[in-house]
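Below you'll find only one chain, the form predicted on its own, shown as structure tokens.
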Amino acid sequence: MSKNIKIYTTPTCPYCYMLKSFLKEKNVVFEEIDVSSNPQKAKELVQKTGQMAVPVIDIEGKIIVGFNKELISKELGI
């Protein structure tokens, strides 16, 4: 069963690219949300995290701020 994974990113964020590369490398399917071009999703991000930092990964409602490879791997079981 695949998990519902959303990542909040911006085009200028180097850690966002690292996160996307890591997830693709591990064959993890995710929905990417560019908060720089979507004010509604940016607001959603702030509501979920209390901040405007990216990247943020939402794994079935579990929020991880930043590219924390160990925590993300543990949460995804990879």
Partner chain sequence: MSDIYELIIIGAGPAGITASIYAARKKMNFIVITKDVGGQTVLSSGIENYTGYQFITGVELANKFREHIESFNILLKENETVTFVKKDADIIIVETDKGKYYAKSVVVASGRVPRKLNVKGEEEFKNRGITYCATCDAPFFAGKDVAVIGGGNSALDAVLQLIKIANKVYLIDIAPKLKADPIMVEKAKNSNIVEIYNNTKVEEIYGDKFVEGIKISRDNKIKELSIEGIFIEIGSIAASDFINDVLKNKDKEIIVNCKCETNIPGIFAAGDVTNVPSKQIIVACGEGAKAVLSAFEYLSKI
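What you see is a predicted model; the values in this text were computed from it and never measured. Residue numbers count along the first chain shown, from 1.
Below: the form predicted together with its partner chain, not depicted.
Looking at Val54, you'd find a heavy atom of it within 4.5 angstroms of its partner chain in the model of the complex.
Interface membership of Gln40, defined by any non-hydrogen atom within 4.5 Å of its partner chain in the model of the complex, is ruled out. Its partner chain in the model of the complex comes within 4.5 Å of no heavy atom belonging to Gly61.
With a 4.5 Å cutoff on heavy atoms, Cys13 counts as touching its partner chain in the model of the complex. Along 44-77, these residues reach a heavy atom to within 4.5 Å of its partner chain in the model of the complex: Leu45, Val46, Gly50, Gln51, Met52, Ala53, Val54, Asn68, Lys69, Glu70.
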